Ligand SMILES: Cc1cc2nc3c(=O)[nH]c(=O)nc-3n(C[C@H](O)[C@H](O)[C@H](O)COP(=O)(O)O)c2cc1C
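Shown below, as structure tokens, is a lone chain in the form predicted on its own; questions about how it binds or moves come after it.
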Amino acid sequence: MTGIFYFSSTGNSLFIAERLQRKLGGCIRYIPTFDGGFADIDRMVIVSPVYSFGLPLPVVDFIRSLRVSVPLYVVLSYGGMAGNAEYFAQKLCLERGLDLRGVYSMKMPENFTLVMSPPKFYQSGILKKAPRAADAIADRIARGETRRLSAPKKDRWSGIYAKNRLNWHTLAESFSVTNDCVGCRKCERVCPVGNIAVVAGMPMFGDKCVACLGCYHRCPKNAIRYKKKKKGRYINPLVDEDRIGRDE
């Protein structure tokens, strides 16, 4: 059985995982809550967003924990630029001695909107192309194609990734909560690392943030602000939001 393991905060990677499952079959598992049972898995696909030209920390930790010998594929979702993320993922998997067959990437709408919010028409154009792009990757995996990347001649991305990931845990320090908050605890539930606790009806943020922005985008009242500014929110419209963070 094909095991499709994903990490997603706003649905982009879940969308890809679900498209892959249509052609490859198997099960979908959410990485932060996976219990480690690989007995029935004979092919593995990891679906992950790209963060700062690399991978999110929960995905890095998951890959480093793997002790499997089955064929492995990695599919990356990127918003602005993928940078060196494909090669970074390949290098990480090979260092672990995993049977990596290929790394693929596809463009999806940008969800790191703390700095800028892409126009809606631009996001819509990307979403229209997404099903075909994901299906094409699924076909390559189904055929058992292999893809090995050469080391980049010039790498201007790894340093940016290394620098940014050191600061991710402090990102939530810049979050604030408006009076629109109704204490529904959704932010607490969707946080993949347990960094949010609702105390006396108000979210309190810890120092374990992984910069996924799930709480920010999925607050039903848009009550969470970054540096007290109102920025765009994004949830992939092609998935059921309630399935984000769940197994299928």
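Residue numbers run from 1 along the displayed sequence. Every value quoted in this text rests on a predicted model; they were computed, and no experiment measured them.
We do not show the form predicted in complex with this ligand, though everything after this point is about it.
Residues of just one listed stretch (172-180, 95-103, 141-149, 77-85) have heavy atoms within 4.5 Å of this ligand in the model of the complex: 77-85. This chain is displayed alone, yet in the model of the complex one of 63, 213, 223, 190 has a heavy atom within 4.5 Å of this ligand; that residue is 213.
Against this ligand in the model of the complex, the set 2, 30 and 73 makes no contact: no member has a heavy atom within 4.5 Å. For residue 195, no non-hydrogen atom is located within 4.5 Å of this ligand in the model of the complex, even though that partner is not displayed. Using a 4.5 angstroms threshold between heavy atoms, residue 50 counts as touching this ligand in the model of the complex.
Not displayed here, this ligand is approached by residue 108 to within 4.5 Å at the level of heavy atoms in the model of the complex.
Residues in 149-166 all lack a heavy atom within 4.5 Å of this ligand in the model of the complex.
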